[in-house]
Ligand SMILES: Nc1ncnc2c1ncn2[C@@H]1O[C@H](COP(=O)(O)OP(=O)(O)O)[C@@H](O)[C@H]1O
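Before any questions on binding or motion, here is one chain by itself as structure tokens, the form predicted on its own.
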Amino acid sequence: MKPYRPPSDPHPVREKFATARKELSSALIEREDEVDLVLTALIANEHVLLVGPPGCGKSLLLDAVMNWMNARKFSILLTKFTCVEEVMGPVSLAALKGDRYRRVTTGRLPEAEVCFIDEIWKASSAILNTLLKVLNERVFENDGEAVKVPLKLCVAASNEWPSPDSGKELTALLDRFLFRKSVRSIGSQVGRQRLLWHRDHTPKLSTTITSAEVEHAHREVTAVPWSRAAREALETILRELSREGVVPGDRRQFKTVTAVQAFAFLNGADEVLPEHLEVAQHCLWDAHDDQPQKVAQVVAKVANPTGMRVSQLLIEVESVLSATDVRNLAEAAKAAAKLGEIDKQLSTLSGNGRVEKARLYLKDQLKKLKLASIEAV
């Protein structure tokens, strides 16, 4: 996603989000997209699901964001033995004496403003059914009373996606998360070196944010206007997706509008531009088998073709670097020539902040490649 750009009109709350975004992305290796999704969801008052193998930084990111917020928090790791009481609160013994079945929700999910649910698919049916209403309607039924839940952000994590035959409960719960993303292990050579030789990757945030400030940011987001080009781009994306057999539900399409506004706000923009639709790739699909790839391709082609081309060229860079033995001078020279050709292709692109960042990265890799070859002589 887009690198941070200072807002044109500095705003205290937006500056806090921008600072947290920068500090989280600097500390967590190759997790810029995940950072953007969590912060965008917080601004949009929506929820995020991150799916990936153990040890890829999901919990580290989410713990950091929860600590950043000066709000009531709830966190739990679900297992098949987790009971409703651990999530929603125990039944009040005093209420039982009066023939009432009321839960004591203090310190539990119904009173949380931000929560983290790990291994969400391992929840029992009783927990899942309760979560559906809490996440979507922000309401908890307690002894026949509809209690308003102050939840602003729920981030869930899992090591796997629910199976296609998992049933309506899990399908409905998956739909409660507007943003869904697969988290991959570190892929670049530079990222791997940072992982191995830098011992502390815990984000250190210099600011905190309150619930009132988050609410203020949400109000600001709903007022961010859409440019005509962005409106046309979204409509084009939905038409293209329909041709590909991907038709997200009406509610998901409706909520995506606010999601894109929130991403524009996070980027310091005064209006929604076509490039901000990049975040929609994590919203506009239902089935997680092949639809995310189709949606990502359509969104990139319509809203951000430059960014799509940059990503393709960076994949080529990593492929060249991983296949090169720098001790072999012939191989190193051949790799340097290939990287030079990729740099020429990048130089023909414009209008996207990623281009400059990609070229700086490429030049740094060329320098390291040449130094390694000299040392090997």
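Bear in mind that the values here come from a model prediction, so they are computed numbers and not experimental data. In this text, residue numbers run from 1 along the sequence as written.
One more form of this protein should be noted, the form predicted in complex with the named molecule, which is absent from this view; the next part is about it.
Stretch-level contact analysis of 64-72, 340-348, 318-326, 50-58 against the named molecule in the predicted bound form, using heavy atoms and a 4.5 Å limit, identifies 50-58. In the predicted bound form, the named molecule sits within 4.5 Å of a heavy atom belonging to Leu195. When the named molecule is considered in the predicted bound form, Ala336 lies well away from it, no heavy atom lying within 4.5 Å.
Of the heavy atoms in Leu28, some are within 4.5 Å of the named molecule in the predicted bound form. Mapping the unseen interface onto this chain, His201 counts among the residues with a heavy atom inside 4.5 Å of the named molecule in the predicted bound form. Proximity to the named molecule in the predicted bound form, defined as a heavy atom within 4.5 Å, singles out one entry of Leu174, Leu205, Leu128, Ile186, which is Ile186.
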